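First, one chain by itself in structure tokens, the form predicted alone.
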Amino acid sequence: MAKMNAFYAQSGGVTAVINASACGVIETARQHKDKIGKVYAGHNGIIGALREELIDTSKETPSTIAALRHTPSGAFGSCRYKLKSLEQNRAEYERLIEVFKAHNIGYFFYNGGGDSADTCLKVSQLSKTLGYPIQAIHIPKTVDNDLPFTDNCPGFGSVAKYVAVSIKEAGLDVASMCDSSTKVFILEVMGRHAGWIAAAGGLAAEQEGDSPHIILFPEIAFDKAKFLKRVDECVKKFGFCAIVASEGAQYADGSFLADSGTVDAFGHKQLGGVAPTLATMVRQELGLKYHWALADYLQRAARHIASGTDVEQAYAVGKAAVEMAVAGKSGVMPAIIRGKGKRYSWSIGEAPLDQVANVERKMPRSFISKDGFSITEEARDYLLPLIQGEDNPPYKNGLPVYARLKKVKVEKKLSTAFKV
């Protein structure tokens, strides 16, 4: 394959370490100058390709690119935009080819979750469907930890660490005031259908009485009476009750406790707040004083408390994606493979995109206690290695120093605009 440029883009909800993957892609591409010319980053994901809004990463210094490794959020902008099928919207694919041809792009790296894997798969098929040679590699990223084939997903280890530390510290706060004040604290975390993030909160409970006392998983049907009974028991036994609730907690019929009635750009239901819903139950049925918190963007942006393991793995999958592409591969995803043995180890493997896209991995039932309110030792053994290690960003004046990119746009070559 002749020397061609590469397109890199970020998709879906960002994380504390997605930029570490970007760093891995760009630094590794610069080491393969015989095959890869420039790396163009899509401004706001795949939308950047459709609008021909490309950022020339060659204009960034090596030190700026290196700083991406310790910078949270999506440095080039992300999006929630899912390509329809070729049959449904052929114009999108023809536009992509127009842009790729205009800018001599032969490599496509898409950094995201399950829906992003679907987009990358569709792009990888352009060679067959529309005759344009492109090597497309999906780079895994999702705090939800719900991609198949990979042992865990970059982004998850850091949010897991944030949630475990947060409920541990908040639990100590509530315990100190529960005699005369708050009796129930609820921390709502992300996780629409898979309870991996909520489960991570369970790592804080190292002995009886430690927070959290209750975890609500999407995988376990919510039983109001059973829940309130457990809250009451905890308050009477420990003086307070700390709860980690997944946003996707749902009833036995599959309806969410907090369905807002709207959907996002990927077609997912927008959830309106399970924590206040639970708090209302506690107040109305038990008459207890409560506080609740919504981790929301804080949990996925907290680079200051990122897992060292997560940072290393995020960089590694970005690096591996480029190495796979220059080796001639396409339609695949670098996957994290857990080693065997008691001591944790990992390596990078390879997964076929047609088996990754649109597949959601839920927590095994064996990871959840029989009563459905906590994690098992098996889950703890899986989760603990993923939050190990610290990788602190540099600080100045008491604040972390993050990368500031020039974001120089590539000159447009097409005369027509494309409306997204």
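Because the structure is predicted, anything quoted here is derived from the model rather than measured. Residue positions are given as counts along the sequence shown, with the first one as 1.
We do not show the form predicted together with a further copy of the same chain, though everything after this point is about it.
Taking a further copy of the same chain in the predicted complex, would Val14, Asp296 and Tyr395 all count as contacting it (heavy atom within 4.5 Å)?
Yes: each residue has a heavy atom within 4.5 Å of the partner.
Consider the chain as shown here, without its partner, and state which of Arg338, His304, Arg95, Lys329 has a heavy atom within 4.5 Å of a further copy of the same chain in the predicted complex.
Answer to the contact question: His304.
Could you tell me which one of Val311, Val282, Ala320, Ala164 places a heavy atom within 4.5 Å of a further copy of the same chain in the predicted complex?
That would be Ala164.
Heavy atoms, 4.5 Å, a further copy of the same chain in the predicted complex: which of 39-47, 54-62, 349-357, 369-377 makes the cut? Say which one.
Single hit among the candidates: 39-47.
Classify Arg404 as contacting or not contacting a further copy of the same chain in the predicted complex by the rule of any non-hydrogen atom within 4.5 angstroms, answering yes or no.
Yes, Arg404 is a contact residue.
Does a further copy of the same chain get within 4.5 angstroms of any non-hydrogen atom of Tyr290 in the predicted complex?
Residue-level check for Tyr290: yes, a contact with a further copy of the same chain.
So, Ala170 and a further copy of the same chain: in the predicted complex, are they within 4.5 Å at any heavy atom pair?
Yes, contact at 4.5 Å.
With a 4.5 Å heavy atom cut-off, would you call Arg300 a contact of a further copy of the same chain in the predicted complex?
Output for Arg300 is yes: heavy atoms within 4.5 Å of a further copy of the same chain.
Could you pull out the residues of 166-191 that have any heavy atom within 4.5 Å of a further copy of the same chain in the predicted complex?
Sequence-ordered list: Ser166, Lys168, Glu169, Ala170, Leu172, Asp173, Val174, Ser176, Met177, Asp179, Ser180, Ser181, Thr182, Phe185, Leu187.
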